[in-house]
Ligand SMILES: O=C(O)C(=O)C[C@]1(C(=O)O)C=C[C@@H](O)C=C1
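Next up: just one chain, as structure tokens, the form predicted alone.
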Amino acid sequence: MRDLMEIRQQIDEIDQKMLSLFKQRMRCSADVAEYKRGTGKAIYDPVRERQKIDVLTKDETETIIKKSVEEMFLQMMSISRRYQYSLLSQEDAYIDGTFEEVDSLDINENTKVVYQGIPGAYQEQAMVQYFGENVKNFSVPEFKDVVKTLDRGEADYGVLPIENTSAGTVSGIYDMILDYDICVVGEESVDVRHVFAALPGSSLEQIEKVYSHPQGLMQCKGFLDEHPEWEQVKVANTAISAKKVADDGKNTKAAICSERAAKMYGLQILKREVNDEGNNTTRFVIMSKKKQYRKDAGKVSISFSVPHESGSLYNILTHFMFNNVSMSNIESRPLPGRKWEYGFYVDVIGNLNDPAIRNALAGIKEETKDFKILGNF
């Protein structure tokens, strides 16, 4: 049996030779990047890479060795590509040709903002927190109406919910942003503190019906379970529930809504903070047709799709690791009409002017389908 120290010494010598050859290979990769700089050829050539792997593994009969060789060279080619992107990313015109860097968003006395719902909705509260009480605004019935209004140029900014700490991602919002020529330019978080409100002079003992959005009813389940005799009625949003109770004028009806909505429609608050979780926050995105990002923006949101193949998503996400970019969120969805293909929405920390962000996005853009920067905010 060979001595362990002797074996380790031999491995160390092999590793040094591999390191020297790897550095030589990376220098060749730099030369390839220079060639592609002059010819405009794409860095990623999957056909060439597959042919290379087939040549390297064709004579291997042992499965574990064959798979290991394939994995090693796939990773080496991936590293080479990322190195080439780092050499060429500053010349990528996609970001500079699509987005404008600004000191601040163009918000003035003529700015118009659209949101979904009616006055008193949490969407309206997010709008007020971001733009102030005096901003010109109007509302539309559905989420999709917000993006359609922006796309037609009938408003400067729009507000939509994107995520809730207890309910998760708001379904369909990412797809709406993707389907229209708009981008995310800001975000605002609103603490969701539901109140139980009724007509002035009402009491809990008189209540027979409770109105709210389905999420509002769900988020207050503990409180509502204490009163099984109450009929629960679902409406489009929490502000509509407050308006309905006010309009109906009956002491037997109550609403689960925001304190802002209760005051706006002249209701009396019978109980505050009736939601089960105290830490309940909804994140809203501010959207615009103008492709702008602030110099101090700190989050980039992108979308892309990859085929349903082993390691495909991993290989894309390594662009963030290689460039030391932190990922803060990832969502996935199946692509309609494209069997076993998935779309991904990813948020990362950074600014479109950061070299690391540009480098990572250059690689992802070239190696995925349907790539789009949804915004920097």
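Note that the structure is predicted; figures quoted are calculated from it, not measured. Start at 1 and count along the sequence shown; that's the residue number.
We do not show the form predicted in complex with this ligand, though everything after this point is about it.
The closest heavy atom approach of R81 to this ligand in the predicted complex falls within 4.5 Å. Contact check for M77: a heavy atom falls within 4.5 Å of this ligand in the predicted complex.
Remark: K36 counts among the residues lining this ligand in the predicted complex, judged by a heavy atom distance of 4.5 Å or less. Using a 4.5 angstroms threshold between heavy atoms, R48 counts as touching this ligand in the predicted complex. Residues with any non-hydrogen atom within 4.5 angstroms of this ligand in the predicted complex fall in just one of 346-354, 61-69, 37-45, 333-341: 37-45.
Note on the partner interface in the predicted complex: the residue among V325, V32, L313, I53 having a heavy atom within 4.5 angstroms of this ligand is V32.
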